[in-house]
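The chain below stands alone and is given as structure tokens, in the form predicted alone.
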Amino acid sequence: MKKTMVIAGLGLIGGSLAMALRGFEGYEIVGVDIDPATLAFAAAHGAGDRVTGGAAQAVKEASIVFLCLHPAGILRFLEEHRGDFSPGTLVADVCGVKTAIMDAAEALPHGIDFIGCHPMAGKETSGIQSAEAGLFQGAHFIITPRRESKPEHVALLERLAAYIGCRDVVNTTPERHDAIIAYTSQVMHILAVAVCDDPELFACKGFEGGSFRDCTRVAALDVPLWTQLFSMNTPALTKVIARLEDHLRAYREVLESGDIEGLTRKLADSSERKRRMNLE
């Protein structure tokens, strides 16, 4: 009997995952979404072997279920379908926050193995129309297993990550994930939108260089998604914002004081730290 993997939520990440996983270890990839237009686009562009709007039935038939919804949608899905998962099913998510999702997964019936996942890939655009099979090429694939997670399920996710093109798999805790992602992802989005809050933004048209475009690219974000991600990781994110405020203030103060030597030392230190990170 053919094994079934359900991808619930065919947006940018879910659609890309459904495209990238076709042919993986003989699984039938079933895309699930509530939007008929999304299902039609997914079917026409190879996002899975088949698509359906019937989540409950698809989940009952699956041995693996990937939840690729907005964070609040994942919480609702777990609550609504907790009785639909078959014993032994591996359930995973791709959410950008892990602690809140993993806490909710504790309510799943005994025998359902939930492992948090976060492929570090994306775009500033959203929706199935932006999905592509190559989205995960070279990306880190973060997993946050529970203590009782089965080693064979962890190994399966490692093979899956390699199949879709990820460079490696990083195994960590939900708490450490959220603390680090607040720095490597979320505060970058905060910085981008803060730059775009400046009243001089539109007066700068025609003066943008590559550094400005790179810095502000992610400001054109999916507002409902990032509202949920920020609010679900508020303690970690506000700590990172406070550290960033301190660093920005230090640069302002050294500039205002005219301390060229101090400015040079700060620039050299930051530059060297970035170069060292690139080499590791």
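All residue numbers are counted from 1 along the displayed sequence. This is a predicted model, so every value here is computed, not measured.
FYI, the form predicted in complex with another copy of the chain isn't displayed, but the following is about it.
Trainee: Please identify the residue among Ala155, Ala162, Ala107, Cys204 with any heavy atom within 4.5 Å of another copy of the chain in the predicted bound form.
Mentor: Flagged contact: Cys204.
Trainee: Among Ser130, Thr99, Ser149, Ser185, which has any heavy atom within 4.5 Å of another copy of the chain in the predicted bound form?
Mentor: Comparing distances to another copy of the chain in the predicted bound form, the residue within 4.5 Å is Ser185.
Trainee: Quick one: find which of 74-82, 108-116, 87-95, 205-213 has residues within 4.5 Å of another copy of the chain in the predicted bound form by heavy atom distance.
Mentor: Every other range fails; the passing one is 205-213.
Trainee: May I ask you to check whether Asp197 falls inside a 4.5 Å heavy atom distance of another copy of the chain in the predicted bound form?
Mentor: Output for Asp197 is yes: heavy atoms within 4.5 Å of another copy of the chain.
Trainee: Applying a 4.5 Å heavy atom distance criterion, does Ala43 contact another copy of the chain in the predicted bound form?
Mentor: Ala43 lies outside the contact set for another copy of the chain.
Trainee: Does another copy of the chain come within 4.5 Å of any heavy atom of Arg243 in the predicted bound form?
Mentor: Taking the distances in the predicted bound form, the answer for Arg243 is yes, it comes within 4.5 Å of another copy of the chain.
Trainee: Can you check whether Arg50 is within 4.5 Å of another copy of the chain in the predicted bound form, heavy atom basis?
Mentor: It does not: once another copy of the chain is placed as it appears in the predicted bound form, Arg50 has no heavy atom within 4.5 Å of it.
Trainee: Sequence order please: the residues of 165-179 with a heavy atom within 4.5 Å of another copy of the chain in the predicted bound form.
Mentor: Sequence-ordered list: Arg167, Val170, Thr172, Arg176, His177.
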